[in-house]
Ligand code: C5P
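The chain that follows stands alone, in the form predicted on its own, written as structure tokens.
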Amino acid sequence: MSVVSLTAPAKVNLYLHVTGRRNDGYHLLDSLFVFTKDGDVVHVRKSDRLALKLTGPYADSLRYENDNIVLKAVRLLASICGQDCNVEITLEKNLPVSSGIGGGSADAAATLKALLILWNQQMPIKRLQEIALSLGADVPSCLQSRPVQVSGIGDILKPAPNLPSFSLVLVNPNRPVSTPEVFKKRLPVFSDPAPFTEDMKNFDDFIQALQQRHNDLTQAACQLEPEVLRVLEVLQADPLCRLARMSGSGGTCFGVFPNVQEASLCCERLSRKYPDWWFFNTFVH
């Protein structure tokens, strides 16, 4: 196989409770992750040297990074599998960076999977998850790319109960938000975990259940970047949006819709009104 191409879907936190903090400084979380149909795209092929090419609308955001997480994933997996690092990776960067939707983690996870295919290697999922966790707390969940209940520091994963079908409109004001700064800014209080434990077949019941949960990082992110609050207010005011919330540590927010038609109407209307923002009309994969 000359080229292996895999999608790195956006990760969306439908809710995020910060439930505690370990002695080493890592925060304990309770969250429901879902993954979109589309996202970044990783292309991997053999080469005579290790190289990373960046394309896509957000390529310039990574152009001057000293060591991209994708390159770290290549070096780590190559050392474990006994392979050389002579691969060329083309990263099609469609998702904004520092945006709370796991772009870098998803890119790393897709790179790990693509390399195993390219090198014709088999690896137990538990071992692959351990490698993923060493790259970042969200990388293990991005390996699965399906709805998952997340706890611990992001390392304890349980398949989510069945969820109803729904569409999402992701909106980012094109203002990067620093995850470490958000955690520093947040009030030192913790929420109880509230994982979904039963199947949710009805959309309205699902929305009602989500409304009983929240994102504990929203206030801090909005204080650091007020434009995030503006995005939330715009989504909340839209008559078709059933729930508006921030994902992760921001600044991407999302609206939840019962079907693609309503999501598309909202996305078209708002993208015309706010041309400087990033809009992503998608659905859960």
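So that there is no doubt, residue numbering starts at 1 and follows the sequence shown. Note that this is a predicted model, so its numbers are computed, not measured.
Beyond the structure shown, there is the form predicted in complex with the named molecule, which is absent from this document and is the topic of what follows.
- Figure note: of the listed segments 250 to 258, 56 to 64, 219 to 227, 27 to 35, the one touching the named molecule in the predicted bound form, with heavy atoms no more than 4.5 Å away, is 27 to 35.
- The contact residue chosen from Pro180, Gly82, Pro124, Pro188 relative to the named molecule in the predicted bound form is Pro180, the criterion being a non-hydrogen atom within 4.5 angstroms.
- Note on the partner interface in the predicted bound form: the residue among Val148, Leu76, Ile153, Met200 having a heavy atom within 4.5 angstroms of the named molecule is Ile153.
- Though the partner is left out of this view, Pro195 does not reach within 4.5 Å of the named molecule in the predicted bound form, counting heavy atoms only.
- Contact annotation: Ile131 falls outside 4.5 Å of the named molecule in the predicted bound form, judged by heavy atom distances.
- Remark: Leu163 does not count among the residues lining the named molecule in the predicted bound form, judged by a heavy atom distance of 4.5 Å or less.
- Contact check for Ala137: a heavy atom falls within 4.5 Å of the named molecule in the predicted bound form.
- Taking a 4.5 Å heavy atom cutoff to the named molecule in the predicted bound form, none of the residues in 192 to 213 make contact.
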